[in-house]
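One chain comes next, on its own, written out as C-alpha cells in the form predicted alone.
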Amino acid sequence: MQRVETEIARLIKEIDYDEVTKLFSSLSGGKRLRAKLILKIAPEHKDAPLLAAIVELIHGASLLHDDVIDDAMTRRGVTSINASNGSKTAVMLGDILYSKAFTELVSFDKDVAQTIAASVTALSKGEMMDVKMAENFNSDESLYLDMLYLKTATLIEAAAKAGALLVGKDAEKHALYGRNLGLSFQIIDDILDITATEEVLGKPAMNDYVEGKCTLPYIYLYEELNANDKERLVSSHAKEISKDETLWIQEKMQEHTTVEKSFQLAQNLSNEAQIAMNGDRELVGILETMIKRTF
C-alpha cells in the first residue's frame, strides 16, 4: 500500500496548489479497500499502484460531495471539509480530485479506463437516487438494492474488474466479486446502524432512518407489520424520534427477525463471491473480514 500512498501524494503534488495539498492532507485515508483489491488482483503489474491511486482519488471526491449533500459534520472520525472550510470548498476539492483522476486514467488501456469511468457515472446516479428516495418511505427492496449497487458497489466492482483486466484474469468473475463485496459491505453497515452503540458508530444509533434512509431491515419490517403498525413506522420516517419509538422499532425488528434476514442476504452475496473467486485466499479473506463486522 505504500506504493499507492506514494502515487497519491505525487498526483496531489502535481496539481500544484498549496491549498489543495493542505486540504487533502486533512482527509482520513480510510480502509483503502478499492486500492487493496487492485493490488491483490494485479500485485506484479507496474501500473497497479497508479490505478489504485486513481480509484482512491475518485472515491475521495465522491465522499466530499456526499458530505455536502448530507450536511455531514464528520468523516471517518474527523471534521469534514464542508464543516471546516465550507460546502463550496468541499465541492471544488472534489471536482479537482475527479478531474486529476480522469487526467491520469486516459493513459490506461481503453477497457480499463472505460470500466472506471462508467462506474463514476453510475455512482453519481446512485447518489441522486439516494437523495430522491429519502423524500418518502421506500418499501421496495429491489429499488433499494439498485440504488445501493450504483452508489456503493459499482466503484468496488470496477476496481476489481479493472485489476483483472490489467493482468488478463477473468474480468467478469472479478466484477461479480467486487459487486457482491460492495453490496454485502453496505448491508452490514446498514445493520450496524441499528445494532451498534453510539460509541461504536460515532453517531446515534438508527441515524440512517432519521436521515430518511429506508435500509433493508426497515423494508423487511414494513412487509411484516399490520396496517396500523405500518402507519406508525412510516410516521417516524425522516425525523427525530423518541426513545420509546426507537425501542418499539427495535423490538419489532427483533420480533420479525428483519436484521437476521438482512444479514442472510449479505451472507448469500458473500458466498456467491467466494465461489466466483474459486479459493483465492486473499480475496476470500476480505469477504470473511467484512461479514464479521456484524451484530
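All of these numbers come straight from a predicted model, not from anything done at the bench. Note that residue numbering follows the sequence shown and begins at 1.
Omitted here: the form predicted in complex with a small molecule. The next part is about that form.
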property	result
Contact of residue 65 with the small molecule in the predicted bound form (heavy atom, 4.5 Å)	yes
Any non-hydrogen atom of residue 69 within 4.5 angstroms of the small molecule in the predicted bound form	yes
is_contact(residue 120, the small molecule) in the predicted bound form, heavy atom dist at most 4.5 Å	yes
Partner contact for residue 213 in the predicted bound form: the small molecule, 4.5 angstroms, heavy atom	yes
Partner-facing stretch of 216-224, 126-134, 105-113, 171-179, counted where any non-hydrogen atom is within 4.5 angstroms of the small molecule in the predicted bound form	126-134
Interface residue in the predicted bound form among 266, 41, 52, 58, criterion: non-hydrogen atom within 4.5 angstroms of the small molecule	58
